[in-house]
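Each of the two blocks below gives one form of the same protein chain as structure tokens; they are labelled structure 1 and structure 2.
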Structure 1
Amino acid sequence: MNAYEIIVRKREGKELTVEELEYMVLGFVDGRVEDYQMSAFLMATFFAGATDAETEALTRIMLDSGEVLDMSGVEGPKVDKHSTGGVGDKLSLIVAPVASAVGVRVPMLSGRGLGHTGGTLDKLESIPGMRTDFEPARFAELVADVGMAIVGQSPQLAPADRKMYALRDVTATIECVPLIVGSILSKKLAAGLDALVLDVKVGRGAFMGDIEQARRLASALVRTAGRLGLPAVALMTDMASPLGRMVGNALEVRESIEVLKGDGPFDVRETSLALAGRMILMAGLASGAEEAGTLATGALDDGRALEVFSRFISAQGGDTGVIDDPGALPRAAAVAEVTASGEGYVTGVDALTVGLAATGLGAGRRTVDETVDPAVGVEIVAPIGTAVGRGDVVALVHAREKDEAEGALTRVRAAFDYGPDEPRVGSRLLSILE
């Protein structure tokens, strides 16, 4: 067996054996397989695809390349939520406390932002003192004590994914369903979960531009998780426009706190409750979707979710003062107003454009080595459906300095579409795949 022959077989569309996939993945990790051979293999996989059996084997091999967290000390059903990434996607900060308040244990391994989508760890770290770099044993303790924890992926978990992802990121082989499935599920399986709820984003601000692509990914995720013994469900949600009104780390924490207090944008609240409801249902804490939804809504509305959030911030070293006084969160030095270039109703706000503008301001990373600025971002003042006149303020740009703010104005202005008729604002929930 050698890498060359395995690449040829994949290139020719043959189904690879477990041994061949092991040779490539583990060989790449230990250096027997060169990175240029791995990248040819990844591109061949992009074109030739992979069968369910191959995807399952790939995921298991990536999982077995590292440790699996010991969650035996955590009582109760352990369920996590994973999003494929969007613009303004702060849902983890709401979903985890809501589900936890109802009795779900949420051991959440999160990532950092890359490209135009944000990362939960970056958002959390905008809270003064907040830490996300806990060792596996402490992570399990936090989940047991608080009911939830959100930490970064430790290098011991699925190291093959870490190395493969870094290569995919520079060889244009990210957008490949079996590779995405292996990457997501190997890490989730390493966290010792009982079940998983997936939020597969669809639209301009998402990884998957159209519903068919998203459905293929969602379906492969659910099928592969099932083959590996992890019950999973996928919600497909709309990411054509930014979720909520805030895009940027501290801005999104502020909005999450608003929602946890019973306020905030409807779409953020609705999508969070849908995801939390599914986690409650998968955890076996409700007899049906309706009951699960009622439990989630109750925990949000009576303040229990906010209490869990407060304990969670405190347990991970964060300053809970930001809950009562969001002004304690980092604030940008320069705020500039984006005015409407049209009139009538706002009919669209392009998520990708806003996401790229926020990244350009420093809210996200263009390369893994960049650091983010917690304070900067974009605030949507006139979301879809708002009636505006030409020159009205439709968004605010939060920037480090005036020049940077003005540089982003044109970009954000171009994200808005206007029309004469009031648009119908639909639900972000597109469909559910079980």
Structure 2
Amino acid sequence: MNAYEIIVRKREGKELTVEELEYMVLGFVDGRVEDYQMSAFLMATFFAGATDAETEALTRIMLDSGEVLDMSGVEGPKVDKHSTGGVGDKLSLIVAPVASAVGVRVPMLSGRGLGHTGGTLDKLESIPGMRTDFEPARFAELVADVGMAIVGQSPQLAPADRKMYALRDVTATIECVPLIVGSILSKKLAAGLDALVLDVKVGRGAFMGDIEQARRLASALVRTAGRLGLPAVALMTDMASPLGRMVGNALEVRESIEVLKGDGPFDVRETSLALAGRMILMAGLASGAEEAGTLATGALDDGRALEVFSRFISAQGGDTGVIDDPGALPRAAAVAEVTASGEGYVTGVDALTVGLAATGLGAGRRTVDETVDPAVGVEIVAPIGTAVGRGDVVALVHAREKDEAEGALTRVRAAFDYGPDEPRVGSRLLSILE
């Protein structure tokens, strides 16, 4: 058995055996399979796809490449939420504290930005002093003590995914259902969960561009999780336009704090409560969806979720002063105004264009080893439905230097569409798959 033959078989659409998948995945972890061979395998899988049996086997092998966290010492139901990625998606920073405030224990293994989408760890690390690199034993202690923790993958937990995740980001193999399923579920199963809530994004700013593609991913995630013994539900949410108004790491932390204080954009609040409500329901803490939603709303509105968020920041070494003083978060040196090229109502803001602009400013990664700038990004001043005149300010570009800000203006300006009629702004929630 060798990598070349396995790559050829997958390229030709043959169903791989468990042993062949083990050879590729575990060989990549221990160095027998080279980066360029795994890159070829990922691309072959991207085009040839995988059967349900291959997807389940791939996920299990990635899980078994490392340890499974022992969460038996953590009392209470352990439920996590995972997003497939979007532009301005800061929901984990709100959903986890809300669910935890109701009694859910949230052990969240998160990742960094992929392509034009941001990563939860990058956002958190824009908070001065914040750590996300705890060992598994300390991770479990944080969940038990605080009720939630958000950390990166340690070398012990799903190491295969850790290496494959980074490679997918720079080989244009992100948008592949079996690879996404293996990546997400190997991490979540390693965290010792009782249940999982999935936020499957669909639209221009997501990796799944159309509703049918997203539905296939959501179905594959729920189905594979069930086959591996993890109850899961998937909420499909709209990502045609950026979520909320802030795109960029420190900017999104600032917006998350606004929502936790009872303010902030409606779409961020609504989607956060929908996801937190499902976590509460799957944890068995409510008799139905309506009661779960009421519990989630109460925890957000009465300040309990904000208290959990403060304890969470403190426990992971962060400066809780950012809650009362957002100025303590990193700020960009240059801010430039984006003006409207049309008039009437803003009828669309293209999420992909905004996401690429933010990445170009330094808010995301274009190579595996690239670092992000926590301060830069894009701020939407005129969201969809806003009445504007030609030349009005519709967005702000936050950049390291004036030249970089100027360079992003044209791209962000092109993201906005205008029309004479006020558009209907609907819910981000499209459907639920159980």
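Residue 1 is the first residue of structure 1, and the numbers go on in sequence order from there. In this text, the rigid core denotes the largest set of C-alpha atoms whose superposition between the two forms falls within 1.5 Å. From a predicted model like this one, the values you see are computed outputs, not experimental measurements.
Is the form predicted on its own shown as structure 1 or as structure 2?
Of the two, structure 2 is the form predicted on its own.
Comparing between the two structures on the rigid core: C-alpha of Asp392 shifted by 2 Å or more?
For Asp392, whose C-alpha is compared between the two structures after core superposition, the shift is less than 2 Å.
Checking Val335 here: with the core superposed, does its CA move 2 Å or more between the two structures?
It does not, since the Val335 C-alpha is displaced less than 2 Å between the two structures after the core fit.
Answer yes if the CA of Lys78 moves 2 Å or more between the two structures after aligning the rigid core, and no otherwise.
No, Lys78 moves less than 2 Å.
Ser39: how large is its C-alpha shift between the two structures, with the rigid core as the superposition reference, in Å?
Comparing between the two structures after core fitting, Ser39 shifts 4.9 Å at its C-alpha.
Met24: how big is its Cα shift between the two structures, in Å, with the core superposed?
Core-aligned C-alpha shift comes out at 4.0 Å.
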